[in-house]
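Here you get one chain, nothing else, as structure tokens; it is the form predicted alone.
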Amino acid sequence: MKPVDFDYERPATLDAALKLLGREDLNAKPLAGSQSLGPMLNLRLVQPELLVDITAIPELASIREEKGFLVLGACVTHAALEDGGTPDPTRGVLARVAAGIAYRAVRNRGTVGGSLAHADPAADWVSVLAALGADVVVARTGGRRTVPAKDFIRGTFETALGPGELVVEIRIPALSANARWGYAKICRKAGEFSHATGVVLIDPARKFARAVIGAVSGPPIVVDDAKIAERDPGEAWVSALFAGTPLGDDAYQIRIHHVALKRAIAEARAP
């Protein structure tokens, strides 16, 4: 199957892109790395009348440090973070996560902002950015607003983006010198989407301790509790978190998500 016919624009400025995306007379869709959108177009799961290619907008590909934050433009690729050569106040978190996403060909084109906007619950950045306490900056014609990454994903393939809005940057707090973190995902083979994800961040200087369970058929489960981030809370605790969710009665899913969290905690506690 092939996509339906659509028009294509590649604006050079953010304002021009937002004007196109904000048009009410047609269905416009932003295009960046196209690692998720491309297959969806071919399967006709999405049928836009206009594709707005945002890869020619310089500010969306920038990486900069700003007042205790690392600011990633939405079009920064996974490969750019994997390869380093840019500031990384997360002390290796971003490079480690990026290197485990799919395959190099995908990482060369796939973008951080695109991964968030697609909102697949199993995607790495969905859980990791929530664990880091990052913020997602979205823009539309007339202004910008900021959404905490932990609240940005509303459901499976559902986000806080409104009509005509676009993810423009991700703001990630710098980790202190004594911060500890752990990250684990369970896959059947390298390069697959995660079947269960666990992320832990403990940053005493910021009085920040967070555990995240991801790949849960919905928004990641976020727990702000130093005790949970420091020790394995047990499988029964995970089961209680899953109560009332699509995975609530699945003993296998509860088990593998507990294992992922337990591995992340162990890594965060390692000397």
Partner chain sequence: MAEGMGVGAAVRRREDERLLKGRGRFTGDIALVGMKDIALVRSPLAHARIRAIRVPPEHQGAVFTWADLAKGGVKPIRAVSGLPGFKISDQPPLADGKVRFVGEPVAACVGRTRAEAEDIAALVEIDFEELPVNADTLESARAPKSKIHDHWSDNLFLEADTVVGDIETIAASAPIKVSRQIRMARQCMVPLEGKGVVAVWERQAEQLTVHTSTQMPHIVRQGLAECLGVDQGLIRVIAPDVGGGFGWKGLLQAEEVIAAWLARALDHPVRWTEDRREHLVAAANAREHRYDITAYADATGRLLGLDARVLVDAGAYSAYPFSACLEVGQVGSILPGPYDFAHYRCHAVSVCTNKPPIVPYRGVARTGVCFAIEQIMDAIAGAVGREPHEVRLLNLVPPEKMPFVNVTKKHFDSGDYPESMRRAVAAIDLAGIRKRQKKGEADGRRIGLGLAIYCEQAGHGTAVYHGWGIPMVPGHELAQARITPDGGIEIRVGLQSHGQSMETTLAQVAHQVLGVDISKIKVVHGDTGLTPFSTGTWGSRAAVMGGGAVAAACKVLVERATKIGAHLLQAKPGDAKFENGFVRAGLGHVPLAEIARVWYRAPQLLPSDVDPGGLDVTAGYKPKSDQGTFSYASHAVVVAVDTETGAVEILDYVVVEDAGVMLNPMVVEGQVLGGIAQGIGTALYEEVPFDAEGQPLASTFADYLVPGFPEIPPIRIVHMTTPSPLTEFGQKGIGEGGAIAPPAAICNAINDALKPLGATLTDTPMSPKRVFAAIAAAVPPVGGPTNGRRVTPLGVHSHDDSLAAGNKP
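Computed from a prediction, not measured in an experiment: that's the story for all the values here. Positions refer to the first chain, counted from 1.
There is also a form predicted together with its partner chain; it is not shown, and the following applies to it.
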According to a 4.5 angstroms non-hydrogen atom cut-off, is R44 in contact with its partner chain in the predicted complex?
yes
With a cut-off of 4.5 Å between heavy atoms, is L14 one of the residues that contacts its partner chain in the predicted complex?
no
Check E235 for me: does it contact its partner chain in the predicted complex (non-hydrogen atoms, 4.5 angstroms)?
yes
Examine E9 and determine whether its closest non-hydrogen atom to its partner chain in the predicted complex is within 4.5 angstroms.
no
Of 183 to 191, 136 to 144, 80 to 88, 93 to 101, which is the one stretch near its partner chain in the predicted complex, taking non-hydrogen atoms within 4.5 angstroms as near?
183 to 191
Heavy atom contacts to its partner chain in the predicted complex at 4.5 Å, residues of 249 to 270 in sequence order:
D249, D250, A251, Y252, R255, I256, V259, K262, R263
